[in-house]
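Consider the single chain below, provided in structure tokens and representing the form predicted alone.
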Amino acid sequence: MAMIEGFRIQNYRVLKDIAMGRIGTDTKLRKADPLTPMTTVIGKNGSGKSSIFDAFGFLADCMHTDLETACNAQNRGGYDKLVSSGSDQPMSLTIYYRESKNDRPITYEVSIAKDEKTELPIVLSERLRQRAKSESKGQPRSFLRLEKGKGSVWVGDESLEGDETSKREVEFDPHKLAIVSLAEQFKENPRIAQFKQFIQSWYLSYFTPDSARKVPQAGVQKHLNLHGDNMGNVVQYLERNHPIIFKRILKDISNKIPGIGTIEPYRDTVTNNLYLLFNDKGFAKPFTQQQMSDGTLKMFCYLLLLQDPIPPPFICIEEPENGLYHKLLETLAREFREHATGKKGASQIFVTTHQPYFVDALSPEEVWILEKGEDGFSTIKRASDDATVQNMVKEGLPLGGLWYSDYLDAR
């Protein structure tokens, strides 16, 4: 499966400059341990957890629209509200990933600033780099390099900077990411097309229980959407197209949600509305999704997401603990890890949380601590970098308990 081994965010809200995992183009981070299949960021309110989540969302939004629209989407408030306070430097994002375990990693770097004349956000620079098959050392070379929409692309699956025969001079609208347009030329730019598809396939959860309570029109849908309001349609798709898997999924989910006996879809033939019927073990008649608790709906949606026959490569969830009984959090954390480290085609999972019970189920390598410094900007550190924490966990102390007791410190 595709895997983000590391990323860097600069001048994005309180994230003046944070890096997580391995980045092969950065001399300081080249030998760092890559991100784990399941990665969790913990921190107090206001430390910047939501900003990390939103930075991923911003990049994903840029794949579908222009920069100005992306800067204003999701109540971001425009470029001036996104760029770090007092900074005269551009917002920058770096993603270091590989398509599969055996593929050579690719680095994507993009910097976004405000045009002085139009006062609109523009792509200041955009770059994709990869090392040649024959090279095991040294800096990766570009196969896309642009400044304000102008520059070069090296077409093909193996071509890199220095190969003049495959070099093409290009020019694009600087108000949009060039990789979006280049990806449409799939035969010439398969690596760019793969990267675009990778980002567009991300699942960033904006789930709310009220959305899940909506009663949709009957009709199959393959994948759970970002708000979770089509979960009935997904259930209907699984029941119709994967009946054996569907029965196993519902049995598995009902066993993990206390009090739930069985779950089944029901279509009203008069209105064509689709309902989910939750059979509570203590009641003779089932409840619909409109009557179920926030926690039950949230747990059901997360577990349903993990059962997708074609799961997204990257799942990002902000504070999954909201509305969940605390004893369910360790179960949910284990389910996330089992999915991320399990069968072929699983998803990499990235979670932000401030709930110690969730963290109790994790290892120090999976946890990053985010804190806001005295200057108002965030710092981040991997829990496993602290030898004392490592030793305490080996002695049997739970990681969430150590965090609750203030043993974890990002600085």
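The first residue of the shown sequence is 1; numbering continues from there. For clarity, every value in this text was computed on a predicted model and none was experimentally measured.
Unshown form predicted together with a small molecule; subsequent notes refer to it.
Of the candidates 193, 82, 317, 324, 82 is the one whose heavy atoms come within 4.5 Å of the small molecule in the predicted bound form; the others do not. None of 379, 51, 355, 384 but one reaches within 4.5 angstroms of the small molecule in the predicted bound form through a heavy atom, and that residue is 51. In the predicted bound form, no heavy atom of residue 22 sits within 4.5 Å of the small molecule. Interface residue remark: residue 342 is not counted as part of the site for the small molecule in the predicted bound form, having no heavy atom within 4.5 Å. Looking at residue 393, you'd find every heavy atom of it more than 4.5 angstroms from the small molecule in the predicted bound form. Contact annotation for residue 45: at least one heavy atom lies within 4.5 Å of the small molecule in the predicted bound form.
Considering the small molecule in the predicted bound form, the lone stretch of 28 to 36, 356 to 364, 63 to 71, 371 to 379 in range is 371 to 379 [heavy atom distance within 4.5 Å].
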